[in-house]
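In structure tokens, one chain follows: the form predicted on its own.
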């Protein structure tokens, strides 16, 4: 009896797989699973086998029945799909517009980088890129950082596990684009108008910091460069990027590689500089700037008695988040995979 049931299963399965249309499939279904079907007849004859074997054979018969029913159902679906496809092919209209694939767009940070680059190129700045894996000399020492400066601590900077250079010291992931100042001065003679936009790395992560971020570094070196040139450049950028009504101001501050040093603010775009909940007093902090420190000019190979310069360095993400109409309360959102957010821009 067991061999008979297995033969019925094999025969039925083969016929089901080879069925070419639903009419043929229905005939196969009736011949095996119908009231007078082969499998139905075999199940009725279970009463003729010994009692002790009935549970085992009965279980096998039910499994075969369930398997064949599933095969018939799957085959029927496949034949229907095949039939619909043939109909569509016969009635296709080649004049109908095609289904356009979904297109992506540049990331919000990339858009900001391109816009900022275009703004500075109009006044003669040249876009450059320097290494993200940098030597300590370019990242700190040549920029006038003392040996015990907190920024050189391993809790602030990513150090690369590599043998230190005999001249340039340990290798680091560049913590700021300011390292490009020395490399640019080594590369060319004045006049210099450099715009270095690159990834930077610091061991920080919260609503206003990410371990990787983008920074823009401006450097101008020539004879008789003054704070007036710096202030004019800052005002130009503020109006070009944020709007004609926006203004920039500078406040005294301290940075190791500039003297004098300034914090740069822009007038608030919400209250137009009058003071509101966002800005408190009408101004929003943008970043740092200053006149290039004489020691930095020396380390770059220039005589500070003959040449002067100014520099500024701001986070691209911060510059972007302060643009009117951009409401981002957590910097990390920019690097999420949330399409609901990314598709807005």
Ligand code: DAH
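Residue numbers count along the first chain shown, from 1. As the structure is a computational prediction, the values presented were derived from the model and not from experiment.
Keep in mind that the form predicted in complex with ligand DAH is not shown, yet the notes after this line are about it.
Colleague: Choose from 236-244, 174-182, 121-129, 101-109 the stretch whose residues reach within 4.5 Å of ligand DAH in the predicted bound form, heavy atoms counted.
Modeller: Residues of 174-182 come within 4.5 Å of the partner.
Colleague: Even though ligand DAH is not shown here, does residue 215 get within 4.5 Å of it in the predicted bound form, heavy atoms only?
Modeller: Yes.
Colleague: Does residue 311 reach ligand DAH in the predicted bound form if we count a contact as any heavy atom within 4.5 Å?
Modeller: Yes.
Colleague: Closest heavy atom of residue 290 to ligand DAH in the predicted bound form, within 4.5 Å or not?
Modeller: Yes, residue 290 lies within 4.5 Å of ligand DAH in the predicted bound form.
Colleague: Going by a heavy atom distance of 4.5 Å, is residue 202 a contact of ligand DAH in the predicted bound form?
Modeller: So residue 202 counts as contacting ligand DAH.
Colleague: Out of 245-269, which residues reach within 4.5 Å of ligand DAH in the predicted bound form, heavy atoms considered?
Modeller: Stretch hits, in order: 255, 257, 258.
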